[in-house]
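A lone chain, given as structure tokens: the form predicted on its own.
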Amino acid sequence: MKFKQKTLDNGLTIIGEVNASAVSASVGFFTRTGSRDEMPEVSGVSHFLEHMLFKGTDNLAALEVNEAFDKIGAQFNAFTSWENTVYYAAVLPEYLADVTTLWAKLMRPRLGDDDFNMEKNVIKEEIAMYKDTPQFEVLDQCFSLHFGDHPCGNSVLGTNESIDALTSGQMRDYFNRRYSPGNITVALAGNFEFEKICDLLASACGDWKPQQTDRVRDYFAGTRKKECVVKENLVREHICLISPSVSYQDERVFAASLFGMIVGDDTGSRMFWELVDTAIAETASLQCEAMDGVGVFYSYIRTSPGAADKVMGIVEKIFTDVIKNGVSEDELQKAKNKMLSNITIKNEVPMGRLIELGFNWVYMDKYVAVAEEVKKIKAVTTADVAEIAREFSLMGYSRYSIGPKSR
């Protein structure tokens, strides 16, 4: 594979990993903006804008947008997180120019008042849907509890109140500031001609006006607060624990990820064997979420209300033991094998490769080849994992739980 990079005069960055043997190609517009970049008065606007881009442009109606994607057989979508809004598509190589042009047009959307007013109801329906999903609700609320006043505690969806109060003018102002070309990276992977796509993007995006963008990147160790909420309509206890971890830029990120797998992978982890395999909990997992300048380990546990205290006793025993005694060579090797398999399989196809390619550049301004990632994973030692366990104590957690009984 060959990596190529170019920056347009207005600051738009284009990166590509060319694989001439691939039979597909993918493109993503990585916009470095998410809920952590929002002020309280525009809570949810990043996600709102994701919806609005599909409403079309001054010259392209929403129906025409869907027809254009459908015509070339594109597999396309978008997502918004705490830190990024990403628009992507995978196509046959002969249609990559078409889908890239289409996304470039959509990145300068109409943002009309009629569409805005209609989409408010759609967003509020989505908020309601996720509030009916305890697994999502407990994680969203625990992030807010853990981060407190830190911007990473902002909800991606916002609230009914913030969406009702949001104005189209506020949305357009946020768009103009955050969708600046210098805040966007276009990533491509698969079988394509890099210079051809660069010429296309220079023509389609070269007149975008740059704006100054910034982000609060302060590290935060968490509040360690605990909160339990009663919802009588539930029959299960949903528990989320969040503790500090490494940032995306930290060289120890692979050690932290392996540590998370050893403690709380879906299968074969300490939490799995002690909680799920024994039928004490229905689900029990822990994973590392490395972010911009900050990071967390977060757990999700689902169990019966009567077993919650027992579950937490076992969880704290697991956490305490791994802090004190570290992990074994066998545990580490199994976790490495899982991670290496996941990375290799995912990166075999351009669409699987695209997200990692884009995020490595967004967070680190750096190209990281798959072979380099494999090498770094293999190099992690039990001492590296023990250092993570000691420095980022899982016992320093914030906890949010939702269940049918008060405790």
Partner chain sequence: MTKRTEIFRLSNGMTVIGEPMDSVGSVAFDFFLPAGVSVIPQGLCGVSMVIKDWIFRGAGENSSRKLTDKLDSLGLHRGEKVDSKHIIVGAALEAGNITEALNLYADIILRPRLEADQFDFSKQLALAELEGLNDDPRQKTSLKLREHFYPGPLGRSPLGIKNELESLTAEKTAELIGEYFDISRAIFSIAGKYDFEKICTQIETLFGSEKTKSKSPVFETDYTPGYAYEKYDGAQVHIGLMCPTVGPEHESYYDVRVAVAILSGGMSARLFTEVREKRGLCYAIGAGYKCIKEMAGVSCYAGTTPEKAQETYDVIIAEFGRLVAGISEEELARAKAGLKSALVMQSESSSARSINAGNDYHILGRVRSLDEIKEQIENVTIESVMKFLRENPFEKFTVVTIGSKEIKI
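Numbering follows the first chain given and starts at 1. What you see is a predicted model; the values in this text were computed from it and never measured.
Form predicted together with the partner chain: not shown, discussed below.
In the predicted complex, the partner chain stays beyond 4.5 Å of every heavy atom belonging to residue 370. Using a 4.5 angstroms limit between non-hydrogen atoms, residue 186 is distant from the partner chain in the predicted complex.
For the chain shown alone, residue 178 is not a contact residue for the partner chain in the predicted complex, no non-hydrogen atom being within 4.5 angstroms. Using a 4.5 Å cutoff between non-hydrogen atoms, residue 22 counts as a contact of the partner chain in the predicted complex.
For the partner chain in the predicted complex, the listed stretch (169-177, 219-227, 275-283, 203-211) containing residues with heavy atoms inside 4.5 Å is 275-283. Contact check for 8, 97 and 252: none of the three has a heavy atom within 4.5 Å of the partner chain in the predicted complex. Think of it this way: in the predicted complex, the partner chain has a heavy atom of just one of 215, 105, 131, 110 within 4.5 Å, and the residue is 131. For the candidate set 63, 39, 364, 379, a heavy atom within 4.5 Å of the partner chain in the predicted complex is found for exactly one residue, namely 63. Along 180-215, no residue reaches a heavy atom to within 4.5 Å of the partner chain in the predicted complex.
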